[in-house]
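For this one, two forms of the same chain are given in structure tokens, first as structure 1 and then as structure 2.
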Structure 1
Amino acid sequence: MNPFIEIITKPDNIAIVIMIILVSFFMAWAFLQAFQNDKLMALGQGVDGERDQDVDTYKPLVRIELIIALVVMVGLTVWSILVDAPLEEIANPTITPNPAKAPWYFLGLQELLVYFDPWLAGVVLPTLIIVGLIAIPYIDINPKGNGYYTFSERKYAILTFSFGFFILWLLLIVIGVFFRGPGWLWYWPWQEWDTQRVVFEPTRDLSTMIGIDSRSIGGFIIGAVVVLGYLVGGMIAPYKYFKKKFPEFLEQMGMIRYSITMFLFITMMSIPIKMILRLVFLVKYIWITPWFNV
């Protein structure tokens, strides 16, 4: 069978395929509505939902929810009758399955292990994701977009969310499910998974690129400068920019909100940066400390 068809029809992966379809559909739909509303608002016309302060819960919502609940129940029942739980061979403590994959919802995090120190990828980043999600209501001071779709009024929030959720979370899951095979090597969908495959891809640390041992004090200092420079610079530079262009926005936000938002944002952005460094420049670590590596 074609490896691609084989992999997307695997019982384990049906859920991911459904997820891809559903998420794409709703994302497209939401953006479409947002753009339409933006157009209307640009013409000075009102938008459905913008003015509505109170709406009946029962008729428009609960009924639809009930129907959807029924549809989902029917779907899940049929699915569970037709497709058996995907068991593999009897567990053998002496043999590690290859590839050893996490449950699908954690595959994004597992993918991060390619680029980050396990302590960062497995502990720090997930914690920051949760903290960040909790913090959203407190740092989002934009009152627009309640009850209706809009893009132009919430550009920053929507773009950040789209990047963080669609790209960093879902896309990495899809990569982990469909593109990572034995040895956690990259496989295109038309490639056969091969446990014997050998790929030679030497990596190096940032400071070794300019000829300094990354484990020496010099390397340590260079790494520290780069990492701390990114963190501090990444917070100060936008501050200067906002101060010059949108001082009132900065005023509204306040120092604490600004620094939390910015810290979370640049941490998020460090992920694609590190991925590019790793994939394009074969950089393994930027900064090596005795306790953790960045």
Structure 2
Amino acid sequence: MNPFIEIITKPDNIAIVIMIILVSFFMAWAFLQAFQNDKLMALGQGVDGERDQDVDTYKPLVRIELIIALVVMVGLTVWSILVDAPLEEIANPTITPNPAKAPWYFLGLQELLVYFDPWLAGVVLPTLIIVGLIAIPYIDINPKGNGYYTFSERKYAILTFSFGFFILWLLLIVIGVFFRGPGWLWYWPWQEWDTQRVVFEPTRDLSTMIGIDSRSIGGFIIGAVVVLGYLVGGMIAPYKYFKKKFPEFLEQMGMIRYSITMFLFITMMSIPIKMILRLVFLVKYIWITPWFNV
């Protein structure tokens, strides 16, 4: 485990380790509070944020924020004294660092380049993330869970957010920081980073698995059928389920909200699907077109 310990203790990676620990801790704490509130509501008791119209913010909020701000300032001061800033030598245009990594907050997008066409990974998916975050207040019609923690009243929204944040964002950052070494190759924690390492992975496109050239008309048609079938099926199958199980919710949501929500959801789910196809089955692209590859 020595190589991995050396990586996580690098000055520019310490902040990422702290972030992962804090985010995981507070997310677990939030779930614990939600489960406790759900038990109270199941017993017929209300929770503070649900029954109170006016809440004193000084003691439960302002005082705690002041104390936390002081603790953070002291922690940053001690950290800056004990750990040197990860400054390197002046940039040399003739020498490219290996691996060449983006800032940690962009490493998730850089990791997506392994699985998607650069246009999709660098433009389309980030744009959909921003559009999806903007659209949440307009497509969320559930009035419950405002001002208090709950899971049972917003389980689908919470599970979707948790999956998107932890698996499709935080996990990609962790992979890019700790598991991608020279040549952007995959390194396990017990492996030494070797700049001379060469790995041959015979990736293939989906249509070539059945003996059809992916750049031919037949390959184009197969790829289009698979991609469009995934999009259409991802829209129709949940619609039938909600229409059978929750018709009132579907009617209240409306077709426009449903279409936007499901499009964003199936696009999000395409990321882990493509990652599995690439890492397990060595499938590089599903659909090759003259304009972009999926």
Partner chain sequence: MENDNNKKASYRGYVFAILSVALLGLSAWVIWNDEFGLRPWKHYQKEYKSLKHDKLEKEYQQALRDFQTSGDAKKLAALQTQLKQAQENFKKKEVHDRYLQVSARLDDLKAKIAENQKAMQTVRGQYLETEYYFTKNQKPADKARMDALQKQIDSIDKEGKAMQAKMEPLQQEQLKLMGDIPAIQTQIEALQKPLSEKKDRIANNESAPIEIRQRMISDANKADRCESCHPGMEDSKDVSSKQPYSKHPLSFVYLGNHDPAKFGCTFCHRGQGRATTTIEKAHGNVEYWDEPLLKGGMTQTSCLNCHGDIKDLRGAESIIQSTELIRKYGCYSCHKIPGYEGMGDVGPELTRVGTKVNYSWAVNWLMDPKKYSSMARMPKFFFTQDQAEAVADYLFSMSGTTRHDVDYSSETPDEKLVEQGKVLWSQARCNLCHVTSGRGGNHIKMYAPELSKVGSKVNKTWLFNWIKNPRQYSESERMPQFTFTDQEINSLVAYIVSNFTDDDAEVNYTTPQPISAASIKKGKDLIQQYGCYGCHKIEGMEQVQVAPSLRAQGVTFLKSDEMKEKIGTELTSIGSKPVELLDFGKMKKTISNDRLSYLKQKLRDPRGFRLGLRMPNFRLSEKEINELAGVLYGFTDSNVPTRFLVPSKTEIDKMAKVAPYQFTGDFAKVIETVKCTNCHTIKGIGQDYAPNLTFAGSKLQEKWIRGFLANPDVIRPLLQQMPNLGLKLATVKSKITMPKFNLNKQTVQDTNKSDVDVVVNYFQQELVSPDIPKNIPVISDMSMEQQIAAGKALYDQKGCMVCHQIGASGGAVGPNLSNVGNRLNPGYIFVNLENPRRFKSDVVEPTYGFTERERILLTNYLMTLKLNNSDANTK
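FYI, numbering is relative to structure 1, first residue = 1. These figures come from a predicted structure and were not determined experimentally. Here, rigid core means the biggest group of C-alpha atoms that superpose within 1.5 Å across both forms.
Structure 1, not structure 2, represents the form predicted together with its partner chain. Once the rigid core is used as the reference frame, the Cα position of residue 68 differs between the two structures by 2 Å or more.
At residue 89, the distance the Cα travels between the two structures is 3.6 Å after the core is superposed.
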